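Take a look at this one chain, the form predicted on its own, written out in structure tokens.
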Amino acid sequence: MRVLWMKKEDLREFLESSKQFGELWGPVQKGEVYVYDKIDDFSRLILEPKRTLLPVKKLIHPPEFNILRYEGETYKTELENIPRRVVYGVPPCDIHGLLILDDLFRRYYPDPYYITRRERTAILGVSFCTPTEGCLCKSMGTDVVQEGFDLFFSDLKDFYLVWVGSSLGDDMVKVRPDLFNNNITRKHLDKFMECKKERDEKFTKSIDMTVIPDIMELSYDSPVWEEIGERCLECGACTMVCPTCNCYNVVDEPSISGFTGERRRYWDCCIFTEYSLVAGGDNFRATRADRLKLWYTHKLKSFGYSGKPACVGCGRCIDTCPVDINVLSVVRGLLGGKEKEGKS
């Protein structure tokens, strides 16, 4: 991996040139929040690091899309219609979320829809974002990232340090080599460390992840699960905003004749009662407490093939849940609720 630097005033010009690699997407302001949107008007693009309402997951593993169209006994997939995109402004925690999804959707049972979107999407990461009240990425070790991106821009106020993370990223640089400089000096390194320290000092909350996986194991029968189960509204908002949640359902939508139709895929949620229903009407996770226990075991103890916690510390569940059920409050509950403010 090589590192370059770029003048801040040159970023827009570079992003304009990147459109030859696909549609340009990035964070825009929508009311009081930020969302990823297609950029046709550069004045809408937010260049500063921002956390969006939904993670970049929504572009690689969309909330809803068509898998195939069928007619009689023949069908045609929709893979060829997946566009190429360049997504700017992806924070380190969201890139870590993509790495977890990569492992899940690529390792043993390759998902062509996920893989095709991933391969057709250039990820342009950016830091240092200002931590929100609920940010826990430093605790999770996801405040920095070494892979999973094509280019990564570290915003150092006066300039960007730019990490080239893939051959695609290198190709993007080669389109406008005049905008990049490979002469990295001590001044650049000092500024990088200064900005990182300044950002790190703004974190207000933390979790000791050296003990939490063991605490989860030892707390399987804790009454805390029943307590939070009684509070849970079963709205599923936590799963919708989480960068690593991946559950989905597949539904056939036939025409009136039944001869033609579509097979569509939708985000689903393991918090919903219906998610665990099986043939015969049995439900192996009939209570909200059981479903929440499963969800937080995935986030704080072990998930998927990696066997590691799947929480990337973005803080979205903390900001989203209307009844204060989130990774931080669950950890506090399991620890007896006696921790000092700002530390779990």
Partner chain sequence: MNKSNEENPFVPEPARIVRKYDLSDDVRFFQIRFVDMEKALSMRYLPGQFMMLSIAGAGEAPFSISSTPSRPGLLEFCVREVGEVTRALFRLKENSIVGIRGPYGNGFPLDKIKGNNLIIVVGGLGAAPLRSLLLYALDNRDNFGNVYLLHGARTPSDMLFKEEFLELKERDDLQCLLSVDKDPTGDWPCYVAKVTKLFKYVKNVNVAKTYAAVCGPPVMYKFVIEKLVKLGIPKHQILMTLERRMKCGIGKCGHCVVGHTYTCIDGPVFTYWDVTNMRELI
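These numbers were taken from a predicted model, which means no experiment stands behind them. Residue numbers count along the first chain shown, from 1.
The same protein also exists as the form predicted in complex with the partner chain; that form is not shown, yet it is the one meant from here on.
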item	value
Per-stretch contact check against the partner chain in the model of the complex, the hit in 170 to 178, 147 to 155, 102 to 110, 201 to 209 (non-hydrogen atom, 4.5 angstroms)	102 to 110
The partner chain contact at Cys247 in the model of the complex, heavy atom, 4.5 Å	yes
4.5 Å heavy atom contact, Leu277 to the partner chain in the model of the complex	yes
Any non-hydrogen atom of Lys196 within 4.5 angstroms of the partner chain in the model of the complex	no
4.5 angstroms heavy atom contact with the partner chain in the model of the complex for Arg84	no
Contact assignment for the partner chain in the model of the complex, among His188, Arg118, Lys138, Arg265, heavy atom within 4.5 Å	Arg265
Non-hydrogen atom within 4.5 angstroms of the partner chain in the model of the complex for each of Tyr75, Phe284 and Leu294	yes
Residues within stretch 47 to 66 having a non-hydrogen atom within 4.5 Å of the partner chain in the model of the complex	none
